[in-house]
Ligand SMILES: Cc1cc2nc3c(=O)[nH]c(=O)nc-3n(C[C@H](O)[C@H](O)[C@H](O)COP(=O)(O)OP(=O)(O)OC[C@H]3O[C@@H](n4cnc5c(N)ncnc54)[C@H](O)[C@@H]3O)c2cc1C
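This document starts with one chain, in the form predicted on its own, laid out as structure tokens.
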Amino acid sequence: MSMPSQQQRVIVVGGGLAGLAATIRICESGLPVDLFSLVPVKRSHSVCAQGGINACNEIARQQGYSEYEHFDETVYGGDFLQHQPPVYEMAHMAPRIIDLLDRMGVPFNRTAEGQRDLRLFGGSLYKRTHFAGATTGQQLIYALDEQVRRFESEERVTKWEFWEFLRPIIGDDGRCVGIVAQDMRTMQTRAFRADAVVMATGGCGIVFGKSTNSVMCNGAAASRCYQLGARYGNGEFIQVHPTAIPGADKLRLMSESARGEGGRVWVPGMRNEDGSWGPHPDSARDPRQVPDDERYYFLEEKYPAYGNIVPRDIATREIFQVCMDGLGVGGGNMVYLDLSFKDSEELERKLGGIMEIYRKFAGEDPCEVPMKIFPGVHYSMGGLWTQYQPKDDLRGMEPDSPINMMTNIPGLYAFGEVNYQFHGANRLGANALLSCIFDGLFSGVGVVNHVRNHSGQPASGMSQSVFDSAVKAEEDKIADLTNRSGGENPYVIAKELGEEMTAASTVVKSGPRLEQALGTLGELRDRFGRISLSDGAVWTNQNLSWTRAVGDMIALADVILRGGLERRESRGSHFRTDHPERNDADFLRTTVATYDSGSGQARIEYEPVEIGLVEPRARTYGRVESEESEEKQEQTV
């Protein structure tokens, strides 16, 4: 291997699993990395992942499972909106990733025989999800951080924690050659040179106000790239997780692993004469006193093959509809997620993390009383648009290609949740941790090859004026925000944005409601131009950081709403009441949004999806339907 120039560097933005995996792979390939994170790396949002990570292993193979089945489940679960070669590659690399994590010391749960234990997860009839209790994300991020700290001790990684990414720096040749970032303690703003930049900044749940995401998951970093020319793909596809604890401040996830370990979803109900279910006259009574024949296990009745482990978009819509029909607990927006019939010692061993969360925030013990849950915004399938180099037979990607997961801006990459590639219209549970780590380990090699092989001038040799002008642009933006005195409160604007986005663009959508939301968004954009900051300090000014992010969230909300309005069909997490069927003829295509700096709005275009390995088919998960409705669905697809 030829040694790189000492001046060649890569910047990784984001300290979660995707960023750590990318850092490891790039360092192993011989290039130094500057790793930027808003928070300490071990507090990145990946630490909140609970349920597990999918992969076929020998135990799963004995069930009849395979890497190809994992690939097919993922494409089927995503309603066929993914390009298939990247998904194929991910599913086939997954077993090796699990082996690597095991060697790194991740404490996966084990069977009595010492084999890695597996659990069921949504969208599969096979046990193929590896887990470390209900704190899998925490265990993975600790293991990968240990590897990064090894490179840090060798001075091959420099961590920049508590630094906020403000913008990519685009050179005169259109290539990304660094970033501008701000120290959130001293408020110093400065430029950093790099021959490639990897964005691994996660999702945008805070655009919707309350979500299961951490407060830093506001999508601002992705929005800043988008506003400077990076395309954004499939923004309208937002996953609403079926099981979260409603809260006044935020929503707290109750992992899908609860259902994978046998948890049952139900509401109190009474059978009508025609066999249908109606509201229970005393639905607020102690659930332990509700007899079994007055419990409506609606997922099990409607989807007998999959039951409580149907994919998230389906479970969410069914829970939402049951509550809209007046069958929710106490007539409100809650259903029961019941684990109380399970052995308490087994629950503590396999689900102890979420048991403790529920006890702390709900004040009840789920080992004794069914949990009260309702869907909550959780994940963005959409993200920065990226490329890939398929193999000739489409069965995977060329492993060394420098364009793998590169945005339309040369040298600017997107890994993890901020990358739109792997999940299509709906993500299967436990594929998120896999896609993050896969992105970093597989595509990190392409980043290194881009740095070594590109013919342009290295960042270290570029004129200082390129970097100074980028810093000045951000300093001017800061001055503009701090000098505004219109009286509008940015926190109120963000709250109203979240409420409107949740109402218009989550579980159920319609054209008129999306148009109304776009009108409201225009008003919020105007009001944002008249904000006033309550804090003018020059030290740890979080009011400035939040206000800046609000403007970026408004830009990203426009992408989400316009994409949803233009996609006149229902597919995966995107359900339109005025277009309730999937429309492959017109919309088996990726939504690609480009920022219009004049209007501040998105221009929506489409590109074909590569479906050369698996042909689209009806996505039913064994739903019990009348012959007439089944015939109608087959004709539609």
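Note that the structure is predicted; figures quoted are calculated from it, not measured. All residue numbers are counted from 1 along the displayed sequence.
Another form exists, predicted in complex with the named molecule; not displayed. Remarks below refer to it.
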Answer option from 432, 194, 240, 556, heavy atom within 4.5 Å of the named molecule in the predicted bound form: 432
Select from the listed residues 351, 207, 447, 436 the one whose heavy atoms reach within 4.5 Å of the named molecule in the predicted bound form. 436
Indicate whether residue 253 is a 4.5 Å heavy atom neighbour of the named molecule in the predicted bound form. yes
Contact label in the predicted bound form: residue 570 to the named molecule, heavy atom within 4.5 Å: no
May I ask you to state whether residue 217 is within 4.5 Å of the named molecule in the predicted bound form, using heavy atom distances? yes
Using a 4.5 Å heavy atom cut-off, state whether residue 202 contacts the named molecule in the predicted bound form. yes
With the named molecule left out here, work out from 377-385, 320-328, 401-409, 475-483 which stretch has heavy atoms within 4.5 Å of it in the predicted bound form. 377-385
18, 37 and 416: each with a heavy atom within 4.5 Å of the named molecule in the predicted bound form? yes
What are the residues of 33-66, in order along the chain, with a heavy atom within 4.5 Å of the named molecule in the predicted bound form? 36, 37, 38, 39, 44, 45, 46, 48, 49, 50, 51, 52
